[in-house]
Every structure is written in C-alpha cells, then in structure tokens.
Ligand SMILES: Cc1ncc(COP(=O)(O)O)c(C=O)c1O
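First, one chain by itself in structure tokens, the form predicted alone.
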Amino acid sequence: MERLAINGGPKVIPQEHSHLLKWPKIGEEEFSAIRNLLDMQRPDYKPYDFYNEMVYLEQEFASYMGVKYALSENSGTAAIHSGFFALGIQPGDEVIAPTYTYWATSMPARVLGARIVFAESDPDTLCIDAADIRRKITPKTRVIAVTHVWGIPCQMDEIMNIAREYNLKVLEDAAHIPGGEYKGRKVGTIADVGCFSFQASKLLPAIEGGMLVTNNKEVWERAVSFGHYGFLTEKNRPGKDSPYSEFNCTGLGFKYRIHPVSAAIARIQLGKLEENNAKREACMGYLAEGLEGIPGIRVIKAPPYTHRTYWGFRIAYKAIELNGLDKDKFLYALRAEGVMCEDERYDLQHQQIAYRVNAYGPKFSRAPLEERQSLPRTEALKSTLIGLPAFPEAPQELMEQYIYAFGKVTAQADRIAKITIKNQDIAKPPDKHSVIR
C-alpha cells in the first residue's frame, strides 16, 4: 500500500475537483424563459401577465407528481408553514418530528404554537424511526412530520398506518427528494401534505421557491388563504364558492407566493429533473457500491423498494473496526488524500433552545425553559456521520479515486492513530454555504 499523504506519500486525488459541484446549472433555456417573461413589449403582453407563471408551474408540478392540487410558495419553509396551518395546528397541539433534520421541518409548527416532540432516527436510513413515533404519541398529538433526509424515503407504510390508527395527520418534508419514489408512488404525495423546496442547492432549483401538494381540497384552500391574498377567487384557485374566498382581500396574514422569475426557472428545471437525478444516481450509486464493505464505514442506503435521490450523501464511521481510530484523525487523513469530506453539518433539533421557550410571548427571554428532550440513540448516531459531496455529475475515474482513498486510509488506521493533529486541522461542521449538503 502506498505511503499515506499525511506521511509524505502521493495524494490519491491530486486534482482540484470542487468545480464539479457547481450547482444549479442554469443555461440558455432558463435565460430565454426569463427574458420572455419580462418582455413587456411583446404584442401579446397583458399587464401583470408574469403572475400566470406560478399557475403554469402549479399545473405542471401537480401533473408530474400525480396530485390534484399544487400551491407554489416562496420557499420550502413557507410551504411547510402553510401545510401545518392547513392541517389545523393550534397552540397546545403536539407535533412529532425528527430531530435529525433541518429546522424548517418543525419550527413553523412551533410558530403556530405547537409543542414539538422529537423522535429518534432509524440508523439504517437516518429517517425518523416509525417505532419511536408510536412511543411519542399522546392525547395532544395532532400531526406527524417526516423528512426524507438526504433523498432517502421514510417508512411511509408504517407511518401512515400509525396515523390512521390514532387519527393523526402527516406532513412530508420532501425538500431533499423531488422525483423520488416509495413503492412506485412519488414521495411527497403519500401523506396529507407534501412540501418541496426549490432553493438554489436543491435538486429542482429556482434560486428560491417551494411547493405544497395535496389531494385534499380543504387543505389546499386553507393553504391558499394562509399566504396568497388576492388569489383566492382567481382561476385555478379555490373560487368564489369556497368558504375561504371571503378572506381574498386580506388573506390570513402572510404573503407567500413565489416570485414569477423563480417560477419560470422552476418550470424549466422541472423538465430536466429526471435527467439530472439520473446523472447524480449514476455517479453516487457507483461511489456507494464501491465503498460498500470497506472496513470502518457503513454506507447509508435506501430500502430496495424505494427510488432515492442524492441531494446529500452520508456514511457512518465505525471506529471499532479500525481499532478505535479517532474520527477527526480519520477525516484528516482522508482530506490529505484529496477527499472532500466533513463532519455532520446538521445540528439536532431537540438540542436547540428555540423549542424550549415561548419565543412568541411577551416574556419569552425570562420564561421557564421546557425540559430538554433526550434522544440518546440519534445523538450517538450523529457523532458517527460523515458527509461526502453529492456530485451532480463526475467522471467515473474520480469516484474510483474516492473509493481507493478510503481503502488506502482504512488499511493504515494504526499508522494514522499515531499522528498528532492541531485544533485547526480538526474537521469541523461546514458552514451553511458548504457544498457537502
């Protein structure tokens, strides 16, 4: 085996390759759509025509997802906020949600006055553990929120069965997984509400934007009334016969409609989604298969009856298989070989103070804190996770170099254990702009 790069040996990946992570890919199609949208000199242009763009996007997205209703939003967070409102969340209700997720999965329910009860993650998929959902149900539980984290579908059959048994609603945070499937059904269409993000890093990027989908007319009407004032009586909206149409003038306090330019970009990107997902799958699937079986790591995989996407890519570090080699030293050695890798970037939600104070009351800064929730299994799981880039497209040679680098490092774990690294060399979670999503 070659000498390790940290000991003066050659790097397995000598070439700079961060440019392969450039995303989103915006081209002439998108620019042409934007120019056409804003061209007020067109003979067929009518005042404020550009607002029709969001309606076209909704129609096309609903058709793609196979749902009755789609509502464009200015972000995935707005879609989730609207979704919780549409499902009837009120102060005093409880929402069960994963702790291992982005804050937008659960904070909107907190804003509506709910208490968030966090559940453990399934170590095999990193998604919310259905068995722990059942353990967390109380008479106050109203909604189960799930995240298909990093593009791996949750165990939706079990989750929906629990919801039916206890008469609960389910919201899918599908920000990571547009185009993914669970037993032949599009992920995001299985629960009462599905919420998608079109933020710049996402698989269907529009720089900013989001979408709420549902097959329930009242849920759709409530979501429209929540954040789309002035549109409740428009064509392709609830209409004047809706009980919510009387709120058309004011809405219910939020302005959540998507920007027409973002809608135009999203329409073009929607047409490219399947192709772009397939490119990622070919690249990352090859890497995942090559890493399988290397001592010291476990590839996080989706169940065989699902079709995952690759917004992110995670592996779990198994120090016991490398004689207890410290994870920071392991990452340090990998980075020396040219591998782009980081410690886990997601902070666990149950550890955040925002869920333990009444942040919207007049005395929230002095209010007694709720007792901090304990999720020891997910805390332990998070400490093992390593983030690798989810390349939109990359040559197979690079993936082979990544695989070889892992093999090279794990084979020399005992030598790595003897090195001393400085604090500034320790792998820290990346900032919010990290490419290792």
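Source: prediction; values computed, not measured. One rule holds for the numbers: they count along the sequence shown, beginning at 1.
Although it is not shown, the form predicted in complex with the named molecule is what the next lines describe.
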Exactly one listed stretch (234 to 242, 99 to 107, 133 to 141, 296 to 304) reaches within 4.5 angstroms of the named molecule in the predicted bound form by non-hydrogen atoms, and it is 99 to 107
| Does at least one non-hydrogen atom of Q269 fall within 4.5 angstroms of the named molecule in the predicted bound form? | no
Query raised in the report: Should F247 be counted as a contact of the named molecule in the predicted bound form, where contact means heavy atoms within 4.5 Å?
Result: no
Is it the case that S262, even though its partner is missing from this view, gets within 4.5 Å of the named molecule in the predicted bound form, heavy atoms only?
no
With a cut-off of 4.5 Å between heavy atoms, is T214 one of the residues that contacts the named molecule in the predicted bound form? no
In the predicted bound form, the residue from G180, P205, G227, G76 with a non-hydrogen atom within 4.5 Å of the named molecule is G76
From Y355, W311, F330, W220: within 4.5 Å of the named molecule in the predicted bound form by heavy atoms is W311
Applying a 4.5 angstroms cut-off on non-hydrogen atoms, the residues of 143 to 174 near the named molecule in the predicted bound form are T147, D173
